[in-house]
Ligand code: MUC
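Here we start with a single chain on its own, the form predicted alone, put down as structure tokens.
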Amino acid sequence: MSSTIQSIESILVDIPTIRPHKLSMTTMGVQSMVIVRMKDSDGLEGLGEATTIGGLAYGPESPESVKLTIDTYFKPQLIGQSADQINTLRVMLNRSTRGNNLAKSAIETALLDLQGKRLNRPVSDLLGGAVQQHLPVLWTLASGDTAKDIKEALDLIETRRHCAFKLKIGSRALMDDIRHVAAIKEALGEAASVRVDVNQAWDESTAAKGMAELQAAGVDLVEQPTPMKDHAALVRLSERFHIPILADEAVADAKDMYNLAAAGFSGAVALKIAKAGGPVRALEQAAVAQAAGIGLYGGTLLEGTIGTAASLHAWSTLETLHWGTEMFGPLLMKDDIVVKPLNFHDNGVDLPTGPGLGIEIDEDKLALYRRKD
């Protein structure tokens, strides 16, 4: 007899960041998350998380809208359903609800966590089995201050916390950004990989000039230089420069990945469980990218520990992550709502062990950071 879904609770949680996190579209001082707690008829609980960047600054879903979607639209459909039928429930939600992939990802994560706990297996086993137990993690330097960023990077290299760095650029004049990046790359030298994330801030001609300068400065990768819907620009830029482009906002799912690859794009793709609608859909996208010879990168929407753990279980099943991962979200926050934080060391993070996600809620911390109505 399979268990049924008995209750679903969605909780808004606000945790301050360790420093202001500057992106082209916003500056974050607090990360807001939606935590999903799903309980079944056997008394087991599955955890999920939906998180975005800067409220509505990044995309069409906000933490508040995710909670509304789950409470108003998903919950009535899911209560009483078999908790084992993850594919059936995904198809049901996709038929009844357009988009809302962040909310769907949180639900799928909770279902996978629940099933893993029921079977006493880690989520990675449910996704085919982990190939990697320790995954590389880069760090984003996003203070906007060149000297501060250099010091932060050198300290992290020395402690073996990170040896690859991403710089958020695009909010300043082009050459101001280029000088900032070039100075950091020169200071770090060959000790570290330096990449940039433009977050769609450039038009194609600005991107062409910027990429030529970044290529000359020794930068390894340029993430989403142009607007998300301008696939043709990404293709032309990828053909013009040998510095690879990382497609991020341009690619949400397997179909987007196919269309971009078929148009002639070469480079890499940022996989994100939230963009794709869950870990299973993100791995479908990875399969298309691999078939097209496009490099893989484990991306983040700056999730907390629950969402980060779900992503790590998915990425651990991939044989090659050509550009590593950026699963540093929990490190950006001043505190956590879990009993045992993830173990970041040796320029990466360990895959959590134990059934399901391997994560347990700290009830006192959850109460402390839970948004008060």
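Since this is a predicted model, take the numbers as computed values, not measurements. Residue indices: 1-based, along the sequence shown.
The same protein also exists as the form predicted in complex with the ligand; that form is not shown, yet it is the one meant from here on.
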Looking at 192-200, 171-179, 103-111, 213-221, which stretch has residues with any non-hydrogen atom within 4.5 Å of the ligand in the predicted bound form? 192-200
Since exactly one of R281, K185, K117, K272 fits, which has a heavy atom within 4.5 Å of the ligand in the predicted bound form? K272
Go through S124, T226, T300, Q285 and name the one with a heavy atom inside 4.5 Å of the ligand in the predicted bound form. T300
Answer yes if any heavy atom of Y58 is within 4.5 Å of a heavy atom of the ligand in the predicted bound form; otherwise answer no. yes
Can you tell me if D248 lies within 4.5 angstroms of the ligand in the predicted bound form, counting non-hydrogen atoms only? yes
Are any of the heavy atoms in I53 no more than 4.5 Å from a heavy atom of the ligand in the predicted bound form? yes
Distance check, T140 to the ligand in the predicted bound form, heavy atom within 4.5 Å: yes
In sequence order, the residues of 316-347 that place a heavy atom within 4.5 Å of the ligand in the predicted bound form are E326, F328
